[in-house]
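Take a look at this single chain in structure tokens; it is the form predicted on its own.
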């Protein structure tokens, strides 16, 4: 391997990520950090899709995937800390890659989407992505001794996620697949029962790091209550926001220099 490896990244991490397309980071957040995040979410008013609370926007992808609170790093310091959290930051930098190349011209990373998701009974999300699609934005790539991945996701559990809770489901190794899953059409709203798909059970505070190229979705939630997760999507610093959001001046003002560079790596040129 021709690039330096941070001490927090083990040889097994590299092997398993390359092989499976994901890592399960047990205890990525401690109990106090999870409680602080949940307290912020508890204090937010109930929002309908399309409504705003400050600089946080309520949004849905479809009809059954649950409610997303987009730009959740605008909700306060507890979410700001996730931008460069030490439990995953060095891993994300390493797998997105680009150190010493033009990709780092504006810094190592950019977050193109970040949100909290609430999923109630009956909700789920269908199987999507996969190596067969060839999508440039989320491509998996290892070339010349370095990873060069287009998008690395961090998915954090804020509630325990076990059987019946609508956990994330992935098809291991599908980031290298040349063919679409032949049963993908049966998994438009949830991935339950699809052969080779694995449901990831998590304790609150655990996180999944995965390349977005991996075929993934979720099981349908059948238990009472609400599943809470947070997702931060990282890519190279030259990327752009997926949904056209921009960080608020208030957020940029209070962020540390490193976090500000990740949130807004390219500075506007004034005339």
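Positions refer to the first chain, counted from 1. Being a predicted model, the structure only gives us computed values, none of them experimental.
Below: the form predicted in complex with a small molecule, not depicted.
Q: Counting any non-hydrogen atom inside 4.5 Å, which residue from 81, 128, 176, 146 sits next to the small molecule in the model of the complex?
A: If I apply the 4.5 Å criterion carefully, the residue I get is 128.
Q: Note which of 231, 40, 47, 222 lies within 4.5 Å of the small molecule in the model of the complex, where distance is taken over heavy atoms; exactly one does.
A: Contact with the small molecule in the model of the complex is made by 231 alone.
Q: For the interface check, one of 102-110, 120-128, 138-146, 89-97 should have non-hydrogen atoms within 4.5 Å of the small molecule in the model of the complex; which one?
A: After filtering at 4.5 Å, what remains is 120-128.
Q: Whether residue 213 contacts the small molecule in the model of the complex should be assessed with a 4.5 Å heavy atom distance threshold; does it?
A: Residue 213: no contact with the small molecule in the model of the complex.
Q: Given that the small molecule is not shown alongside this chain, does residue 114 nevertheless sit within 4.5 Å of it in the model of the complex, heavy atom to heavy atom?
A: Judged by the heavy-atom cut-off of 4.5 Å, residue 114 is well away from the small molecule in the model of the complex.
Q: Do residue 227 and the small molecule share at least one heavy atom pair within 4.5 Å in the model of the complex?
A: Heavy-atom contact with the small molecule at 4.5 Å: present for residue 227.
Q: Contact with the small molecule in the model of the complex for residue 217, defined as at least one heavy atom pair within 4.5 Å: yes or no?
A: Yes.
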